[in-house]
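Heads up, what comes next is one protein chain in two forms, each shown on its own as structure tokens, labelled structure 1 and structure 2.
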Structure 1
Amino acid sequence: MSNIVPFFEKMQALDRRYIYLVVALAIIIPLLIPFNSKTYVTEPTANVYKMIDSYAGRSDRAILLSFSHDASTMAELTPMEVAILRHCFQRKVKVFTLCFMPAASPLMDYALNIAKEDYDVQDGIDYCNFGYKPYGLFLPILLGMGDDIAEIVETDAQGRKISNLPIMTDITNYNEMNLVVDFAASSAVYSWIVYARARYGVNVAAGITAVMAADNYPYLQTGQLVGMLSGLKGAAEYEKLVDVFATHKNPDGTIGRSYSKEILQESWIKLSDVDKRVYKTARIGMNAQTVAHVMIIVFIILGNIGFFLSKKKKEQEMM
């Protein structure tokens, strides 16, 4: 005991640069040497997947992906954007992208370019990037899309008139573009809930950074959010869903199968089974997150042992 106390007293005064070094190693090593860990899909993520999948092959249904974040939160949000886009391209779901932040515009191109690489999809037919719109137009566009998307958005990122694009056939307003997924590191999704959901009944889902996820639980419980992808974990779950169902190769040569909870529980996809690294970014990231969380928990426990030992020693000295 007498040997342990000075050790923990030293540990209490440990230079924080050593802590930074341990954290850096705990994150870098799992990223360089990925290991297989099982991804468990939560209900809010599965709900987003099921809703998007229900639009498969329908010309009168589309989804809108709203990019409300900048490059700082790409590590968490881009993998989920890519996974959802892949799902849409694979299952022939019409998809629109839009942003109201200048810094988010290249992120839309980035995610689209990664996702469409393996698919024969065409801009204006299978997907359409509405591009960046000034934030001053956020509310007019958000509300205006409830009446006529082509009229309020007018042009896409390439300056083409939206009403002339083939993708707009059978798509007029939120009745058809019936799901909005907002990717944000903030509370941007609330505007979609307050205005688009309350007024036009559009389904709203959130793809959000882990630190903001706790704020959204009241909206999940009430059903105002149909689902939520929470941080890197949510992205890893969606990647798994795409691999297990949307891109599944059936024995008859066809691709894709319907969602099933039983199949999901039995499925075990190793990282080595997924060819492209960009399709398993979140799952590799979860390795680093696992080790980092364990490190933080170890730090908390060590800190508290030191705290209680020092406290006890002081009490004994007082006596």
Structure 2
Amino acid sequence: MSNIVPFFEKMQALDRRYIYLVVALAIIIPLLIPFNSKTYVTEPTANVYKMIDSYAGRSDRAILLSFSHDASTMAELTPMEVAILRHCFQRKVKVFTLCFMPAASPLMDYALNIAKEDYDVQDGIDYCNFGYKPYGLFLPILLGMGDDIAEIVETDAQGRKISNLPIMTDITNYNEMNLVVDFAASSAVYSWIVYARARYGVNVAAGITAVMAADNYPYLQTGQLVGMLSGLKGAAEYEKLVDVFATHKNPDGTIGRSYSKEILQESWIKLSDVDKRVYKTARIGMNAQTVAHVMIIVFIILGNIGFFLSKKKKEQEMM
């Protein structure tokens, strides 16, 4: 005990700048030198993937991605946006994008531009960006799309008439555009649940920051949300699903395979095998986050042990 106490006393007196330095290195090093770690996929994330995948190749099905955040939450939300867009482009799922925040418009373009780099997709045919719409039109558009999308939205981000675009073939309202994924750092998804889900029965999923997850779990339990991607962890999970299933190269040269829990449990994706760094952003970030959390936990444990040992030593000296 006499040898242990001095060590913890030194730890208690350690300049906090050294602790900040260690935590900083614990974050920076995994970002610069990525390592392979196991990504466990949760059911809410898998449910979003399976629903989108069920629309593959169908001209009468589409999804809507609503961007309800600004640049401050890009680290958590942009990787999941890119992952879902990649999934849609790979599996030939029609996808529409929309935002009601001016700050979200360039983020929407950014995610689209990254995701479509490796795919032969055309604007107006494979995907359509509705662009920014003033927030005052949020409720009219949300409800109006339940009747006629082309009539209520009218034009896309480039000013083209929606009804004239080839992507609108077989797409009229929420009966066909039957999944809305809202990416938000706020309670924006609740409006889709209260109005679009309750009135039209549209499937709603959420892509949210980690701190918002607890607020949304009740909606998962009631079935009002069909799935949810939570923070960087959810983005990492979806990245893995896309790599394991949507972009998987089969022995016969074909691309893609059906979702399977057995395959998912056995799959081990090396980050070095993923072609682009941007497609593994969330998984690299999770590595850094994990190491940093472990270091913080270690410091908390050492600090508490040192505190109680020092307290006990003082009590013994006073006796």
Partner chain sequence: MKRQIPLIIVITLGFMFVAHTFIPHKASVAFYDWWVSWSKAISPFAVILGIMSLTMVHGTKISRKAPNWQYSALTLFALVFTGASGFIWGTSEGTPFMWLFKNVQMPMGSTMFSLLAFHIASAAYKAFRARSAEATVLLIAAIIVMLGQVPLGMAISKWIPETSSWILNVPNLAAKRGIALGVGLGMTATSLKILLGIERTYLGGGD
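Since the structure is predicted, the reported quantities are computational estimates derived from the model, not experimental observations. Numbers follow structure 1, counted from its first residue as 1. We call the rigid core whatever largest set of C-alpha positions still superposes within 1.5 Å between the two forms.
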Quick check on the two chains I just loaded: which one is the form predicted on its own, 1 or 2? 2
For this two-part rigid motion, what is the smaller part's turn angle between structures 1 and 2, in degrees? 16
Value in Å for the CA shift of Val298 between structures 1 and 2, taken after the core is superposed: 2.9
